[in-house]
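Single chain ahead, written as C-alpha cells, the form predicted on its own.
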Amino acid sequence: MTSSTAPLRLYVSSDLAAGVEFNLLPDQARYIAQVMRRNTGDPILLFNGRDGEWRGVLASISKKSASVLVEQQTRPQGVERGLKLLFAPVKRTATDLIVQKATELGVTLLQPVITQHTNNDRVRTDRLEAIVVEAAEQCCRVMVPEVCEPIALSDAVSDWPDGQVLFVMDETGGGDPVADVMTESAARNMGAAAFVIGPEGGFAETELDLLRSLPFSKFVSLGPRILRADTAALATLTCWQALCGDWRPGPS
C-alpha cells in the first residue's frame, strides 16, 4: 500500500525524462527507507538543476539501496535571474546560515571572499554544497546555486562583467539608503544583481578604497544599526526580492 504522505523531494545528478529509471545514492536510500519510512510505489519529486522537476515513484527500496522510475514533468527548468552574493566567511554556524538562507532567497552564485579581517578562511565548499542542495530541496527550487572556491576580494572584483552593478553593503553608514537604491534599480528594470558583504570586523580602509574606486560599485547603507554579517546578508537579499526581485507581482 502506498503512503498518502506528501512526496519527498530530492536533488539527483541523473538525467530526468519520462521512463528513465536509476538508482539513488546510498545515503539517499538510507534516508528514504530508515528516516522517512517510505515504501515501493510511493511518489517522489526529483530535480537536477537542468531538466526541471519531475514526479516519479520508488521502484524498489531496501535499507541500503533504492531506485526510482521517472514518470512526468511537474515544472520546467526555466531561467532564474543571476543573483550573486559575495561574502566574507565568518564562524561556521553563521556561514552555514548565510548559505542556507541565501539559497532560499534566490541566490544563484555564492562566492566566499577573503578579506583582511576575515576570521575564518577555512571554507569547506563540499559542506556548503551539501547545505545548498538540502535548502534547494526544501524550498522547492529547480536549480541549485553554484558554490565557488574562496578567493581574495581583490581577485573577485578584478574581472567584473560589463554592465553589472556591485552593491557594497557599507557598515560605515556612508552609503545611500537601501530602499532608495533598490527602488531606483527596480524602476530601471535591473535584471541580475551582485552584493558584497564584509566580515565581522568590517572591511579594511584599503578594501573600502578599492571598492570605491571601481566604476561598477555602489555603496548601500542598511540603516543606523551595525548588523552582524549573517544578518546583513539576509537583510540585503530580502530587500532585493521585495523591491526588485521575484517577490514583486507580475513578470520579473
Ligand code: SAM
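Just count from 1 along the sequence shown to find any residue number. Keep in mind the model is a prediction, meaning the values are calculated, not measured.
Note that the form predicted in complex with ligand SAM isn't included here; everything after this is about it.
Though ligand SAM is absent from this view, in the predicted complex it lies within 4.5 Å of a heavy atom of just one residue from V57, L214, A186, L227, which is L227. Within 4.5 Å of any heavy atom of ligand SAM in the predicted complex lies no heavy atom of A29. Among heavy atoms of L16, none comes within 4.5 Å of ligand SAM in the predicted complex. Proximity of V132 to ligand SAM in the predicted complex: non-hydrogen atoms within 4.5 Å are absent; the residue sits far from the partner. Not displayed here, ligand SAM is kept clear of P43 by more than 4.5 Å at the level of heavy atoms in the predicted complex. Screening 61 to 69, 47 to 55, 214 to 222, 34 to 42 for residues having heavy atoms within 4.5 Å of ligand SAM in the predicted complex returns a single hit, 214 to 222.
Taking a 4.5 Å heavy atom cutoff to ligand SAM in the predicted complex, the contacting residues in 145 to 172 are M169, D170, E171.
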